[in-house]
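Just the one chain here, laid out as structure tokens, in the form predicted alone.
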Amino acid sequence: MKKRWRFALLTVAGVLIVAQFFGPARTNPAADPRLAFQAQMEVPAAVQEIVSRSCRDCHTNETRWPWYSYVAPVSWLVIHDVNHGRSHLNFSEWGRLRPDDAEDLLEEICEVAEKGEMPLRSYLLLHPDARLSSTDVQALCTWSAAARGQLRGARDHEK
């Protein structure tokens, strides 16, 4: 029985060691500051701070990769979450959005913040400072509504 446990433990350890050499890459694509959301619209300093503290790691090209993002299999989950987050909303690429898409994302930012869906609970376990307070949520929603209004106004002005 001892031999089985020892074999199983050594096998798991061996698989984990080999796994360190495989898996997706951690990337921070080059970011053009002219495309960033704060370059594309008016963003209060408080909102910029909230985005930096609570959204940056998964929703920009400026991810801070913590030590555990280098340890498989956790690294695979972290990289997946970051890639998924960026594909859905990337504040670093805001200038590439069509106005209708930007308006939809602005509305969604408020909705997910109000519902407590973002930041992800798994992220908050290791980053408790990223938790959104009710003041943070209100600031995001106020800014989001104002920005949507600016987009609608610009679109109406063009017609």
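Residues carry their position along the shown sequence, with the first being 1. Everything quoted here is computed from the prediction, not taken from an experiment.
There is another form of the same protein, the form predicted in complex with heme C; it is not shown, and what comes next is about it.
S.K.: Look up in the model of the complex whether Val47 has a non-hydrogen atom within 4.5 angstroms of heme C, and give yes or no.
M.R.: Because no heavy atom of Val47 falls inside 4.5 Å of heme C in the model of the complex, the answer is no.
S.K.: Although heme C is absent from this view, report whether Ala36 comes within 4.5 Å of it in the model of the complex, heavy atoms only.
M.R.: No, Ala36 is distant from the partner.
S.K.: Should Met41 be classed as touching heme C in the model of the complex when contacts are defined as heavy atoms within 4.5 Å?
M.R.: Contact check for Met41: no, nothing within 4.5 Å of heme C in the model of the complex.
S.K.: Is there a heavy atom of Ser54 no more than 4.5 Å from a heavy atom of heme C in the model of the complex?
M.R.: Residue-level check for Ser54: yes, a contact with heme C.
S.K.: Cys58, His84 and His88: each with a heavy atom within 4.5 Å of heme C in the model of the complex?
M.R.: Yes, all three are in contact.
S.K.: What residues in 100-126 sit within 4.5 Å of heme C in the model of the complex, counting heavy atoms only?
M.R.: Those in contact are Leu105, Glu108, Ile109, Val112, Met118, Pro119, Leu120, Tyr123.
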